[in-house]
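Quick setup: the structure tokens below cover two forms of a single protein chain, split into structure 1 and structure 2.
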Structure 1
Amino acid sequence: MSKIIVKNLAKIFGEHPEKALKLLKEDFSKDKILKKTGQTVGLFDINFSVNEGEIFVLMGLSGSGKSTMLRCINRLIEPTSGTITIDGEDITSAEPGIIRELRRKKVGMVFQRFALFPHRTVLDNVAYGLEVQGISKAQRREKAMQIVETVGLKGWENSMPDQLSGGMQQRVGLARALANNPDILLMDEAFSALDPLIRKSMQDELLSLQSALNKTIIFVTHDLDEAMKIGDRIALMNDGTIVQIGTAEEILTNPANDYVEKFVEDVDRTKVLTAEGVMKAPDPVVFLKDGPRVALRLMKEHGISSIFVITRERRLAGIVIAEDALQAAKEQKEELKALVIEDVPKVSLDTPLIDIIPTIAETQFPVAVVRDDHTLAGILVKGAVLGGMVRGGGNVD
């Protein structure tokens, strides 16, 4: 279900946006439009939707339009044209009172530079939004304390912002945004001012909080690794437009154009690709009801020395090797069950490639990829895994 829908959105900075819009439709570049009209194109032809409970990342270099897009969503910046729909209501035509309520109750925002009140304690900073809503002091302090504990700052509630580390200050900013219990969280370069180790910790913290709170999050970043780590989907922006939307794996394996391909060329694929992205189809396989001769014939036809065995419901039973099947056939045995090696390496569809490498390096068999119901989804062989690494320049120590 779509929580947010953006259609045909444009933002032109200047007194005569209609001039720029006309030239944009004629495929003039941003630079040419600026020289010709004095109007600056912030966004043009933006279309995307965000599902409820999704972390949607707006990704791009400085000047790509990602922060402008974020601020259009809560109307801190007024769009020039197009629509933004939240829960079925077009907020681009909403009255100021509705926008104020939107910001107070439905949409929270976390900024890059924390934006904390230096003269307020942690608890009072977190409770600020509740104070604006007119909630009683006792109620807002109780609610704020719950959120302080949620973000891991219990014991610091009476501290002042300047007594906290950068990571802790950003936790306060996050807690303040969460205190109103908003459905939607907008995060603008929220972790980019933090040291690398603290930044990684905050990314992990966000994912942990999301698993518990299930908010709809739009996260702005210029860091590709960060986008690929936390985003359910990523919208890659360039010059005020969206050039591709997809999962990290989709963008990495199927870049939409040369710009995207160049953008992702240095990504370590082992950290992004999953078993599903590099597996081969589970073909051939043999059913548990089949005999050794069937297994031998399939192995011979496909030039393999082992074959996975599945049940009638296509659940993984194990693997049979050629030597055992050949011996059973010589002895006129009709069943595979006694030949099946049940203890075979297996991984789930979403297992990262980097976690698969040690397994596939140590085993003599292909690695089975299984679904949650234990049905066989695919097979991993060393060649396919190494190919996935080489295409993205990944390496293993």
Structure 2
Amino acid sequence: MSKIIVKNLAKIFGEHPEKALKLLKEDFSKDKILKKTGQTVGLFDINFSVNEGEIFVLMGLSGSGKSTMLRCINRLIEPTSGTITIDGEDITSAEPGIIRELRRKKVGMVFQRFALFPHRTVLDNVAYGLEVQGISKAQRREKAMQIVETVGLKGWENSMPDQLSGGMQQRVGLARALANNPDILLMDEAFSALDPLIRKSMQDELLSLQSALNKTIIFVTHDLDEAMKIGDRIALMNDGTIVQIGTAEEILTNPANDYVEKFVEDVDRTKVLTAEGVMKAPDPVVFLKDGPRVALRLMKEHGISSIFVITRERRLAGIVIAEDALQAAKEQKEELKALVIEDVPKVSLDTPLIDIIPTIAETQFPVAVVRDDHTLAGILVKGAVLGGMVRGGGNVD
């Protein structure tokens, strides 16, 4: 179900947005419009929807409009045209009172440089959202304390923010956003100011929190590795528009244009690509009932030295090597079953490449990719896996 739907959204910074909108329709570039009208195009022609419980990542270079897009969702920035619908309600035309309720109850926000209130203790920072709702002191402290514990800061509740390390400060930021129990979390480069190790552990923590809380999260980052790690889907932005939306793999394997291709060029593919992305179609395969001669012929036809064997239900039975098949054929044996080597390397569809590499390096056979029900989905051969690491080009015909 779509939690947030953004339609034809545009944001023009300046006094005369209508001028810029007109030129945009005539396909003028952002730079030209700035020169001609003095208006800055922040966003244009933005369309996307975010599903309930999804982590949706907005990614792009500096100035591409990520923060602007994020701030339109809780109306910290007023969109110029278009609509944003949250739970079926159009918030672009909503009254200030409704927006305030939205910010209080439904949408929490985490900031890049934490933006903690320096004059308030950790607990009072976390309780801020509850305080502005007019919840009594005892109640909000109790609730805030729970969240402080959830993010692992028990014992620090009476400290001031500047006594905390960066990672801890951002936990406070996260706790403050979670305290109102919002459905939606907006996170603007929430981990960018942290050093790499802390950053990685915060990402892991967010993911584990998310599996418990199941929020709808929009996460802004300019780091592709981060985007691929935490995002269910990624929207790549450039110059105020979205150039591609898809899963990490879709974007890696099928970049929409040169810009995307350039962007994804130096990502660490082994972490992102999965078996599914680099496997070949399971062809040829031989059925268990087929017998050694068929297996031998197929291997000859395809110039391979081993072949996967499947049952009638297409479940993986094992592998047969050419030598054994030849021997059996000579001895006039009709049964393939006796030849099948059952202990073959297998991985599942979503095994990341990085975990496949050791397996593939150890075995002399191709690696089978099996679905949850043990049916054979594809096969991995060394060449294709290496190719995937370089170009992301696995093809299942």
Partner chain sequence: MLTKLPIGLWVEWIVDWAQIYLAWLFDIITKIIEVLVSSIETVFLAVPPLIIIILMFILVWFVANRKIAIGTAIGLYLIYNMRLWESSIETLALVLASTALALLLGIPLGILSARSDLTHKLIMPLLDFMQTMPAFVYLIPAVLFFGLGQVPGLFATVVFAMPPTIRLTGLGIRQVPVELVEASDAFGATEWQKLTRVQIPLALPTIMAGINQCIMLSLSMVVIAAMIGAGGLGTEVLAGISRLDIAKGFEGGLAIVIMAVILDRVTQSLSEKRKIKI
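Each form is matched to the other, and the largest set of C-alpha atoms that superpose within 1.5 Å is called the rigid core. Because the structure is predicted, anything quoted here is derived from the model rather than measured. Quick note, the numbers are simply positions in structure 1, starting from 1.
Only structure 2 of the pair represents the form predicted together with the partner chain. For residue 133, a C-alpha deviation of 2 angstroms or more is recorded between structures 1 and 2 after rigid-core alignment. Taking the rigid core as fixed, one finds a CA shift for residue 123 of 2 Å or more between structures 1 and 2. Shown in the overlay between structures 1 and 2, fitted on the rigid core, is a CA shift at residue 161 of 2 Å or greater.
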